[in-house]
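The chain below stands alone and is given as C-alpha cells, in the form predicted alone.
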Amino acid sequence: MSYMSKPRIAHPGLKKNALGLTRRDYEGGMSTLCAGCGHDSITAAIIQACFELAIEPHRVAKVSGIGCSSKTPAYFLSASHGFNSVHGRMPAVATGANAANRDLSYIGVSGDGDSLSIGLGQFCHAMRRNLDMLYLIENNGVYGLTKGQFSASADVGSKAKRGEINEQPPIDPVLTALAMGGTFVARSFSGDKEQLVPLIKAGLKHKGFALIDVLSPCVTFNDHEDSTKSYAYTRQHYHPALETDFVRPAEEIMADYDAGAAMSIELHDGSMIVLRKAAQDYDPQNRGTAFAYIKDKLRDSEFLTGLLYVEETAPDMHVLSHTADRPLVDFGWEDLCPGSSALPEILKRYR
C-alpha cells in the first residue's frame, strides 16, 4: 500500500472536540488516489464523523481488503489499529478481531469488487452474524487497480473504457443487505457530505452490522477507448521515453439536494446517474417496504439514498454466540486454555 505521511503543522486556532483533539488528529497519510476520486471525499467524511463523535483514535480498528477502496484506511486515523487483508477476506479478519476485543470500534472499507465478487460470501456472513462494525462500500462499478473491468455492481448498458457494453445484471449491495437480514442499511453519494457524515456517525453508533453503500465516481475509467482524449488513444499516438501512466486531475463531484428530491449527477465521462434522497416521512423500520421502494426506484433508474433500513433491537454476534461479556484479550492463558480436563464438559453441549 502506498503511504506518504503528512507534515505535522500546529494550528492553534483549530476547533477541538470533547477530547481536546482537532480534526488533524483524525487524519492519516497523504492520498495517492487519482485527483478527483470520490474515495477521498469518503475519507474526509469519515474523519469529520469521528472528530464530531469524539472517538478516541486508538480505540478504533480499521480493516480493508484489496482494491483502490482498500487504500482508504491509510488516509484516516493514523493513531488507530489497521489491517489490510487479502482480496474479499476483510470480513473474516474483522470477525476474528471483534471476537477477541469487542471494546474497539470497527470500520471496514471495501469496494464493489472486493465485496460483491470474490468477497460476496464473506460479506453475507458478516451481515448474517450481525457483526458489530461499520462497513463502507466505495462503489464505482469498476476494478480500478486492474484497469477498469466491470465489477458486479456495474449497471446493464454501462460502457467500459475499452468500449465493451455490460450485459449482466448488477448485484445491489443494499438489496442484498435487506435480503440477508442487515440491521442498518444506507446508501449515499461521495459528494454529498451533508448526508454522508450523519450516516457514518449513525453507523458507528449502531449496535450491529451497519452497511453504507457509497456511490463513488472513478475519475480514471469513466472515459472510452473510442475517445481521442482517452489514455489508450494517447499512448497509441506518441512514443514515450519512459513508460508511465498519467491520470488527468479532475474536480470532485459534489451534490446538494433536499430530502425527497431527485438530482442528476454528471460523471467525469459525461454519463449521468440519478440520485433520489429518501423523503422526510420515509419509514426506515419496515424491511419489506424498504425493499420494494428501492426496487421501484431502481426500475426508474434512480438510486435511493439515505438511511433505508434500521433495526435497533437485533442481537449482535456476541449475543448470538453467547460469548463472555469481558473481551477475550483480557482473559489470562489459564482461562483461555483450561487443559484437556475441561474438554469433556465442553463437548457435553454438543451431544
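Quick caveat: nothing in here was measured; it's all calculated off a predicted structure. Counting begins at 1, following the sequence as shown.
Although not depicted, the form predicted together with a further copy of the same chain is the subject of the following passage.
For the residues 278, 253, 202, 178, the 4.5 Å heavy atom test against a further copy of the same chain in the model of the complex is passed only by 178. Checking 186-194, 257-265, 203-211, 150-158 against a further copy of the same chain in the model of the complex, the stretch whose residues place heavy atoms within 4.5 Å of it is 150-158. For residue 282, no non-hydrogen atom is located within 4.5 Å of a further copy of the same chain in the model of the complex, even though that partner is not displayed. Contact annotation: residue 301 falls outside 4.5 Å of a further copy of the same chain in the model of the complex, judged by heavy atom distances. Not displayed here, a further copy of the same chain is kept clear of residue 54 by more than 4.5 Å at the level of heavy atoms in the model of the complex. When a further copy of the same chain is considered in the model of the complex, residue 215 lies well away from it, no heavy atom lying within 4.5 Å. The partner is not shown here, but in the model of the complex the stretch 108-136 reaches within 4.5 angstroms of a further copy of the same chain through a heavy atom at 116, 117, 120, 121, 124, 125, 128, 129.
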